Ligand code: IDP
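In the form predicted on its own, a lone chain appears below as structure tokens.
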């Protein structure tokens, strides 16, 4: 391997890690194998894997519950879906305050993520974070493209979810950026749970073969 290929920046790209979690609805629907199959077929590899019953502390650490801007963002998204359908959020939710709606959504996430087991994964490979995000699709199922995991296996509505006082059920979570991936991996895994290995065909997918 050339010195350039050994450069830390190149190695970081080749071995980028992201956090992927099958949410309770995805686990209960038996979609874990489907998601892992798509990850593997894309040329990425799962280097850590376990099923857990998430604790409230883990969930509150996973989501930035104390970040008011994040909470307000949840509320704004909720209000936006009501406005798009020309519905009065106050009529259905009892408030049109973005902070109150956002806090309700956040607490719904805590309940949702404790409603059943989750499957936690660390996925590694070239550009793993962006690759998995494209594979997973838009957070809101009705906006997810066909061919993505959420587009193929989820049809939930944020309006219906808000009115019913629950979180959107969208099968799977995947980290958005590197800092988030590192933070989430630290919550759900210990360093000794990560296994380094080579997958079949790795040299063909990632190496010069001519």
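This is a predicted model, so every value here is computed, not measured. Residue numbers count along the first chain shown, from 1.
This protein has a second form, the form predicted together with the ligand, left out of what is shown; the following refers to that one.
The contact with the ligand in the predicted bound form, taken as any heavy atom within 4.5 Å, belongs to 167 out of 54, 144, 167, 35.
Only one of 89, 105, 135, 122 comes within 4.5 Å of the ligand in the predicted bound form through a heavy atom, and that residue is 105. At a distance threshold of 4.5 angstroms between non-hydrogen atoms, residue 109 is in contact with the ligand in the predicted bound form. Not displayed here, the ligand is approached by residue 139 to within 4.5 Å at the level of heavy atoms in the predicted bound form. Using a 4.5 Å cutoff between non-hydrogen atoms, residue 154 does not count as a contact of the ligand in the predicted bound form. In the predicted bound form, the ligand stays beyond 4.5 Å of every heavy atom belonging to residue 98.
The partner is not shown here, but in the predicted bound form the stretch 56 to 93 reaches within 4.5 angstroms of the ligand through a heavy atom at 63, 70, 74, 77, 78.
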